[in-house]
Structure formats: structure tokens, C-alpha cells
Ligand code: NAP
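To begin, one chain is listed below as C-alpha cells, in the form predicted on its own.
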Amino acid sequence: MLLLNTLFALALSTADPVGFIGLGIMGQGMARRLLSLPRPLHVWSRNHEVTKAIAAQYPGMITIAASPAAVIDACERTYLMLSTPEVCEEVYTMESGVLEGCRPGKAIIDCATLRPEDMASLGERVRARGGSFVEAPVSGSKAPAANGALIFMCAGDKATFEAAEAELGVMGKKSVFCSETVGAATQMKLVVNLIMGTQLVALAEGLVLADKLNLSSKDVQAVLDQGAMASPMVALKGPLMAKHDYSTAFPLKYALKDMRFALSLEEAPELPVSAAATALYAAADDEGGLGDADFCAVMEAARGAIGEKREC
């Protein structure tokens, strides 16, 4: 064991560092996965307590940077996982922010889910300072991030994408390069999340109806799991929804954000089913106060909608 630890420490000391900015629900798992390469990690997050806690878990492996620019200055490639367009804009443009650190030889790989025009703007500003840029939004939530099972949808500088394959490989099970045009990967991510969010609403409404009919949710789940509608999400979320367990893996407010972004795409036709599903997430967030719960808490909005209908 001592020999293995010595060899690991030696490999770590001679490896080039990688940067990570944003240690929220997703970022924590992704950053931990990068340490398995092994590579020293330079990190920065708006939540300094979380940053210190993670660094304490991995003594000698993580350097807490004073700013986003300091992370980028120390690393050839820096990953970002931030929550909203507003947060991204703040972290990019703040004093000693991301843009201040960009220069030739520095690569930014942004894993946030934004609007295509947001990603395009960020990419243009990074490239204007001489850096390279890849957008890399992910499919997956807290557990896949921790287990290295994310799916990356990427677009932008292809050479940067190819150079990052080992890092993407320990954080995810699949990486898809969509285009050299920044924005294409974000479009792909919004389509995927629109389908996912709408599917979850259908599951919620079905479970509410089953409850109204006094059918066993376990029996419903057994049929779903063995039929054509079986999927990892149905298998995971169905039992949680049946027992009203909304422990957060993917916050409902972010699912709502993504679905609204998808519906607002300039190229989007009228999508009545997805629009109706989005309205239920909005009800769960605005009226139900469930924005910070897992997105399967849309079950409560479905329950309310069906209850109101039955009372009319």
C-alpha cells in the first residue's frame, strides 16, 4: 500500500494540472472524477466552504485558487460547471474572472446548460483573448457525475475537444462532438432535456391517476420496468415519486430553465405537449415552492392539476 501511495504521489507531482470552476451538485462529482487520472486539480467556486471541504478530503491533490483567472493561469485546460446564464456572466466578467485569465495556450471547456446565444457569446470573448473554447453540456445528474457516467455533448474547437478526451472519459461514459459551431451542443442538450422533462411529467400524471384508481404503484412500476417504456429514469424516479421522495439530484428550477430555453429557441415550432409539461414545472416552482427539490417533484403539480380537474 505504501508503494502504491508513493507511486500515486509521484505521478501526481509530475502531471500537468487541470482546472475546475464551479463545485455545485454536479461540479463536485466531476472534479472528484478528474483526480482519478491522476492529475493535480486547481479549483475555484463561489461557495468557499464547499471548496475547502473538498480540498481537505484530498490533501496534496487540490489547490484552491484565489480567483477563476488564477485557475486558468495554472492550467492548460479548465472546466466550468455553473448554474445559470447570470452566474456564468458574473464569473466570466468579474475582476480576476475567467476572461481575464484567457490567453493563447489556454482552453476553456464550459459544461453549463445555457442558451445557444449565451454559449456563442462566451466562446467569442474567450477566442478574442486568444484562448480556445469548447461547450460541453452534459446529460446526467448528481449520481452519474459522481460515477463518471455523464454524456457530454460538445462543440467548438475540435483540437481542444480531442486533447480533453482522457478527462472527458473519466467524467463521462460518452462524448459526442456535434459541430465546430458553438451553440450546436447546447441545442442538443436542450432537446434532450425537453424530452426528459416531458417524459417525467407523463410518468407523474400516470402515477397520480393510478393512485386515484387505487392501483398499486409498485405494480405499475413492475409493468413499466418490464415493458417498452423501461428506462433508467423511469426505474429511478418512479419509486421516489410514489413515496414523495424528492431528494435533490437535479433541481426542478434548472429543469424548468432548460425546458423554457428549449421552447424559446428561434427555430422551435409549436410544441404543445412540451409546453404543457413545462407549465407544470412552473407551477411546482412558482406556486409549490419546489424549485430546489429534485425535478421529480413535478409530481406534486401533477397531483394538484388532476385534483382540481376532478373537483370541477
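Residue indices: 1-based, along the sequence shown. Since the structure is predicted, the reported quantities are computational estimates derived from the model, not experimental observations.
Below: the form predicted together with the named molecule, not depicted.
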| item | value |
| --- | --- |
| Leu23 within 4.5 Å of the named molecule in the predicted complex, heavy atoms | yes |
| 4.5 angstroms heavy atom contact with the named molecule in the predicted complex for Ala164 | no |
| Val87: touches the named molecule in the predicted complex, heavy atom cutoff 4.5 angstroms | yes |
| In the predicted complex, Asn47 touching the named molecule (heavy atom, 4.5 Å) | yes |
| Candidate stretches 55-63, 273-281, 239-247, 26-34 - the one whose heavy atoms come within 4.5 Å of the named molecule in the predicted complex | 26-34 |
| Residue among Val138, Cys75, Cys102, Val182 with a heavy atom within 4.5 Å of the named molecule in the predicted complex | Val138 |
| Listed residue that, although the named molecule is not shown, lies within 4.5 Å of it in the predicted complex (heavy atoms), from Arg115, Arg125, Lys142, Lys106 | Lys142 |
| Contacts with the named molecule in the predicted complex, stretch 235-273 (heavy atom within 4.5 Å) | Ala249, Phe250, Pro251, Tyr254, Lys257, Asp258 |
